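Below, in structure tokens: the form predicted alone, a single chain.
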């Protein structure tokens, strides 16, 4: 058997990390077995589906490296496939038209609630006579299509993650609506549970891998597979992604869409790597860094957890930093430039590329996210940097002005400034003033960068010197001291 799996997002919002993690597991399973990974866009909710969400989904999956083998297939293009299948169920007597009004259904649920019963459809129109149907249609009523569910039926499947799962037909809420209301003789818009099954049959899906929030749909869908005379695929319901309080991760927790993670400065390999660990444990539990291809070689559902996977920002940040620290400066520079531009920094981004790559090399080992670069390098892009409270305090210490003045006076004699002669300058000034280098360097940092902490001092000085900003900074520090 050739493994065929699918990811089937709905374009009613941006690509959510939960959907993306499901895509990761499907992709890993397909690649592990040499199978086929299919992308299907479930856009039957015409009122809420938006083309910009579809594009966001496609872009997000591609950015993560989750290339698909077939698709994208759009459900909205396949209505001619669904309606004949509904008619087939009607012809077999496995489905029927139900004419209750919304008010009658509400009254039914209210009566059930008053009795302490779970709300469910009472199958009241399952056995209407042709005369009764004609009478309802004469009233101008529209009919939904309902699929018959045997209350006495027991539905059992062996879940790839959770083992044997059993549902009673009685717990499925009565006969299921599979098409929205329509006028007499017509079939309205087919609904989710039905079109999913038809699509999976048509695409020869062998394994349905999705979040555990879909477990309640599975018994209904199994009944539909059987009613349509198709083989039932295997099911695997993966754990939900939870916040730190143990609730399902939602928009209230802040960032949840893949495009948001991308904007924040997470790189695709790190985020994809992290998502593999959200519910799956590799055979070597100590291994935490691997590519999708490497994970696919080891992936199996025997190591997918049943319990929810808590989202750990610290772990994601650590993984992201590990990837950033190994990106070559030239490549990393390309990824940092948009964040510098977004910060409003003005620079000849192409004309002075070597300088930019030196800036990148200066901060690369300190980055956690790409967007950290703007704050880290502010002093290199803004001419009048200003001085923090801590820097001013250090500059106003006794003897600081003398040190800054001595460096400024000596600096013209050490041009062009290099890593070696900048160190020589510091040693000479410290000697002339009877100071230790360790006393002079913090003052020099405060004067040059406006801060008391930051990237390597000498490299920062060389970068400022390239822009002829070091002497003006020293002069500004002297003015601030006065």
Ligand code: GLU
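None of the values given here were measured: they were computed from a predicted structure. Positions refer to the first chain, counted from 1.
Only in words, not in the display: the form predicted together with the named molecule, which the text now covers.
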**OP:** Given that the partner is absent here, state which listed stretch (210 to 218, 170 to 178, 119 to 127, 260 to 268) has heavy atoms within 4.5 Å of the named molecule in the model of the complex.
**Re:** 210 to 218
Original post:
Candidate spot 340, 370 and 374, all three in 4.5 Å heavy atom range of the named molecule in the model of the complex?
Top reply: no
Original post:
Ok, 404, 380, 295, 196: which has a heavy atom sitting within 4.5 Å of the named molecule in the model of the complex?
Top reply: 196
Subject >> Position in contact with the named molecule when the complex is considered in the model of the complex, options 192, 323, 347, 157, heavy atoms within 4.5 Å >> reply: 192
Original post:
Does the 4.5 Å heavy atom contact test between residue 9 and the named molecule in the model of the complex come out positive?
Top reply: yes
Subject >> 4.5 Å heavy atom contact, residue 42 to the named molecule in the model of the complex >> reply: yes
